[in-house]
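Just the one chain here, the form predicted on its own, laid out as structure tokens.
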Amino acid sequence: MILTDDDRRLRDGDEGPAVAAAMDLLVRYGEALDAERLCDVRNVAGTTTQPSPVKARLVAEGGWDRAFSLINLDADETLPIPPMAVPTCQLQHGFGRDAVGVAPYPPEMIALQDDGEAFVGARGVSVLATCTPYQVGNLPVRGEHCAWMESSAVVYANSVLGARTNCEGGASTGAASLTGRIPCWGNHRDDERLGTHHVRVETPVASFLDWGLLGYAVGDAVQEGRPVVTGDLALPDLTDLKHFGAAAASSGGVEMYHVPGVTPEATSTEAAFGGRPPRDTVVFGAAERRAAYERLNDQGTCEDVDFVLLGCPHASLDQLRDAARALEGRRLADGTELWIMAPRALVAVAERSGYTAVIEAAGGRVLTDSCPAMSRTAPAGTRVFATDSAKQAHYLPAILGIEAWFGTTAECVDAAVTGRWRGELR
């Protein structure tokens, strides 16, 4: 790799051993990718505080310096961790104290996470604790090079915001936070942001459900490609695009998509492809929509629902408001629980707006910081859950061994109130 004088200075230890270890990791990473150089980044979104038994053991051995050194820097020894060199935020992690008595989650993991938050906060990390940092103040500008984890956040940053990031890991974001560098490859390069597949939509896509189904079908069809989506599309809002991207990143490995006239790097279909022909054309019609719906519901057999999950990726204020309206004056069925996951910063606004009170009066709970997939937990005894999230319907049955139903938000609220699934397939 071509290193600048500044890069070499950091690698050679002028800013201390932790920064030198970070640069060593980034150089090894870049050389493995055949990257020519490093990009300067000023926005890192990673995870340090997520608790685990391994992390608990490392902290017991040498404090959070040791955990950060081994996990986030791939170092062989405990290094003193200095303040972050560039703005860095903590993404979603484990459940917090608001879940005590609600989620069957170990209290010692909550205590470990609190301790981790204090450690990273003292070093300049903003603990946003959400998979949607763009909803709570971390909004990189178009063309800005970033180093982000979390597939749903990465595809949103690249596609909707026009920022530039690959889907990074805990070690690469840890190294980036101490150096302001990341290998310049993939989505950082102009030619790697152009469309690869043309998706022709031939059945109406208008609702939140529709956008999730479209994303799930597209991800499965293009895998790690960059789809350009045209056709029978209603103008999406930001929540629709959040759902589409998360679904496409779950069924495939999509890190960037274009919707001509909507996303910033696609002023036209021609611009999205950069004048190149698409590798392939994918049709999304009524049959493909039905196939995606049936695939997301193929792990549900029992119509008795004991858990309903909304808010993956973390709910927006609009989604919290809509859930409150759907629940107003109603009550959850006995034996059925409803969790709505949202960023803590937005929950504060939801509380002031009265949304949380309505949801809780119905028997639901608004929880922060995590999700059942991230924390690998659901209400005790859960056998069947329902969700409006294609991502959770894709992952949670495999993670927790439970059945899943996928449908509209209204169908999920109905399931929470009746204890029964009465979605499209029923």
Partner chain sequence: MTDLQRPATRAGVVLRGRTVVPGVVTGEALVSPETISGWGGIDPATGTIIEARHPLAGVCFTGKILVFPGAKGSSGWSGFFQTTRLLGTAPIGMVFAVTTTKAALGAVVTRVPALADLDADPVAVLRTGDRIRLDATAGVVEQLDRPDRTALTDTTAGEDR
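Here the structure is a predicted model, which means the values were calculated and not measured. Numbering follows the first chain given and starts at 1.
Unshown form predicted together with its partner chain; subsequent notes refer to it.
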property	result
Contacting member of 65, 31, 360, 40, with respect to its partner chain in the model of the complex [4.5 Å, heavy atom]	31
Interface residue in the model of the complex among 201, 160, 171, 136, criterion: non-hydrogen atom within 4.5 angstroms of its partner chain	171
Its partner chain contact at residue 57 in the model of the complex, heavy atom, 4.5 Å	yes
Its partner chain contact at residue 337 in the model of the complex, heavy atom, 4.5 Å	no
Partner contact for residue 221 in the model of the complex: its partner chain, 4.5 angstroms, heavy atom	no
Heavy atom of residue 378 within 4.5 Å of its partner chain in the model of the complex	no
All of 228, 307 and 424 within 4.5 Å of its partner chain in the model of the complex, heavy atom check	no
Which of 295 to 303, 257 to 265, 324 to 332, 122 to 130 sits within 4.5 Å of its partner chain in the model of the complex, heavy atom basis	295 to 303
In the model of the complex: members of 63 to 84 within 4.5 Å of its partner chain, any heavy atom	70, 71, 74, 75, 76
